[in-house]
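Below you will find one chain, with nothing else, as structure tokens; this is the form predicted on its own, and questions on how it binds or moves follow later.
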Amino acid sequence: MNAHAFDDATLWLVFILIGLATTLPRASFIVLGSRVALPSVLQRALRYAPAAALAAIVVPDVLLVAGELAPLNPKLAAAGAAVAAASLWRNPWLPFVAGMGVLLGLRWGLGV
């Protein structure tokens, strides 16, 4: 299929439909507001959405090096140090400092 297979009207129709498909589900929460209560199971599941999204973004970057699984890499060690610091202490800066310290130490000190 070449680039000229769709005319302008078809492209605009596709753009409008895609816009509606992405906007309506998000707008429904605003429009409906408190008039509709979500089931408690769904409310509990939605509490984990930010952590799941963060894990989906971070985990591949930590585990993969050049597109291949690398269980022994500085990023994984740094992530482990950050998780350990976060679970042991409630200081919000300590996981950052521990993770960056391990990452920079491995990269500069060992040349990994």
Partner chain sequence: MHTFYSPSFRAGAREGFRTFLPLSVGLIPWALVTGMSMVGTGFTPLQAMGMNVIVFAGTAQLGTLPLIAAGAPVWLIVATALALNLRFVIFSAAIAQGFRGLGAAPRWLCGHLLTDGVFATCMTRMLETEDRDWRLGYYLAPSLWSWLLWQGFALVGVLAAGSIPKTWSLEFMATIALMILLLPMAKMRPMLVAAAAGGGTAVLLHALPLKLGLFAGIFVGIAAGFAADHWPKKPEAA
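Computed from a predicted model, the values in this text were never measured in an experiment. Positions refer to the first chain, counted from 1. Each form is matched to the other, and the largest set of C-alpha atoms that superpose within 1.5 Å is called the rigid core.
We do not show the form predicted in complex with the partner chain, though everything after this point is about it.
In the predicted bound form, at least one heavy atom of Pro50 sits within 4.5 Å of a heavy atom of the partner chain. The partner chain in the predicted bound form is not approached by Leu110, whose heavy atoms all lie more than 4.5 angstroms from it. By the criterion of a heavy atom within 4.5 Å, Leu72 is excluded from the residues contacting the partner chain in the predicted bound form.
Along 51-77, a non-hydrogen atom within 4.5 Å of the partner chain in the predicted bound form is carried by Ala51, Ala52, Ala53, Leu54, Ala55, Ala56, Ile57, Val58, Val59, Pro60, Asp61, Val62, Leu63, Leu64, Gly67, Leu69, Lys75, in order along the sequence. If you fit the rigid core between this form and the one not shown, you'll see the Cα of Pro71 move by less than 2 angstroms. The rigid-core alignment places the CA of Gly101 less than 2 Å apart between this form and the one not shown. For Trp89, the Cα coordinates differ by under 2 angstroms between this form and the one not shown after the core has been superposed. In contrast to the form presented, in the predicted bound form the C-alpha positions of Ser87 and Leu42 spread farther apart by 3 Å or more.
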